[in-house]
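Let's start with one chain on its own, the form predicted on its own, as structure tokens.
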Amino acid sequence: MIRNARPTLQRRGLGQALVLGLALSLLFGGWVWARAPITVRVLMPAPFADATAGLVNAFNREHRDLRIAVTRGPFETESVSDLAVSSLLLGNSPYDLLLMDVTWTAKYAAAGWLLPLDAWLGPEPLESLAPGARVGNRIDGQLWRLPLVADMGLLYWRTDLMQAPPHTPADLVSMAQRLQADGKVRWGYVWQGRQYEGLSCVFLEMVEGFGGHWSSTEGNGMGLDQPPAIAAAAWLQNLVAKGVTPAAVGNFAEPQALQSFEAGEAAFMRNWPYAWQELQGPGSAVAGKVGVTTMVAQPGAPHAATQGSWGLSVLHGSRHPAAAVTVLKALTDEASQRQLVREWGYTPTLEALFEDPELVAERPLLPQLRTALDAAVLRPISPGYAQLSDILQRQLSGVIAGGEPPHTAMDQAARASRLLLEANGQGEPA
């Protein structure tokens, strides 16, 4: 009996070990299941989803408890906003973070769709940004978004056709007409004249350059019916009337203006920083022959650049706000912005990157972009901005394509804007 006890004990020990192993396996498996990674869902326009794919993949490799899932939205800016709003109105948005255009902030904040970020990001979270990138993120003293990339309107000029760019509206016209008369270019100046947001951006730069404003924080209120705004609209109309700008500009968005300028047809172009990289490509007729500057202005008036930055906001209904803030900080930090500058040519928001010798050597346009960012001007900060812009676009379209008198169009735009704001109980925009 004693001789048979040892195998029996061994079998019993083996069985106990198997039971213990199974129990530990179930326990460990349950622990792993309980600690499944948190997924932060981000909605971005398609170009940014493509540009940040490398950053997202790197983040997901480095974090076991947290993952980023990007929804690749449409290419059109307003289509992305429509997608976000439709989910928010249903009260159960699947997104934690939204990459927002600066003009959306007031609307989303007023609707209660955003989470204030001050408590999450601590004091002075914008201190490291270039001054022009700091504006448009706070409303009524609260921080609602953190910029990912800067964007601003630029005047592109042909360095092979002139030694220096124009500084005033009159300079631009005279230089353009001279080059056209000499047969150097078909068109003097191409820009965004289609009835869409780009036209509002063009007008904002010109009305500031004529010494006026679209709206003001200094108590002047709506400035569309004032002499500078009328003069700006008249100047745009005369560009077409004089043949400096093609009559087809009424159908031009950014791609059409870029196509004409890239083909060597025009001396000047208004566009955004992304166009620089496109103009240096192998198919460009002007590669290596382009400079950038801020928009022309009347003597004594500021040279303005429409601020068009994109930033990340945490949606109020997020089930993982702390994790969403972690992702927000990771995607906007110095390493991420550096990669977006190097690989995609985006404009950073962090002040230090504009002065980084290594980065400037790779992207020599950065000092000029910093100058333009310092001249950044915001569009009206109002929950009703989309409607205000639509009113302005309609009237400007009539001026450019239909020959409507500028003073009549601007008076109608100002009146309709005031009525809209009063109906919404907003007063005039700040």
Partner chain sequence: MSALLLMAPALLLLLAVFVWPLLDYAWLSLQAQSVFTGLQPEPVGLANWQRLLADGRFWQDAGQTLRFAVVSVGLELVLGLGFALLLHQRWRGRGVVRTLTLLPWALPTTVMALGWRWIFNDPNGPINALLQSLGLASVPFLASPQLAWQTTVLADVWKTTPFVALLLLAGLQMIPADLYEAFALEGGSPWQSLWRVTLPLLRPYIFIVLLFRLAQALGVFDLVVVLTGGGPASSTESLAVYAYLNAMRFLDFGYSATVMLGMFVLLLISSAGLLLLQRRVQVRA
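Positions refer to the first chain, counted from 1. The model shown is predicted, which means the values in this text are computed figures rather than measured ones.
Note that the form predicted together with the partner chain isn't included here; everything after this is about it.
Only one of 287 to 295, 79 to 87, 226 to 234, 117 to 125 lies within 4.5 Å of the partner chain in the predicted bound form by heavy atoms, and it is 79 to 87. Although the partner is absent from this view, Ala386 contacts the partner chain in the predicted bound form, with a non-hydrogen atom inside 4.5 angstroms. Shown alone here, Phe252 lies within 4.5 Å of the partner chain in the predicted bound form, counting heavy atoms only.
Contact annotation: Asp374 falls outside 4.5 Å of the partner chain in the predicted bound form, judged by heavy atom distances. The shortest heavy atom separation between Ala110 and the partner chain in the predicted bound form is within 4.5 Å. With the partner omitted here, the residue from Gln259, Gln142, Asn92, Gln277 that has a non-hydrogen atom within 4.5 angstroms of the partner chain in the predicted bound form is Gln259.
Of the candidates Arg178, Arg138, Arg186, His320, Arg186 is the one whose heavy atoms come within 4.5 Å of the partner chain in the predicted bound form; the others do not. Residues are counted as partner-facing when one of their heavy atoms sits within 4.5 Å of the partner chain in the predicted bound form; in 390 to 415 these are Asp390, Arg394, Ser397, Gly398, Ala401, Gly402, in sequence order.
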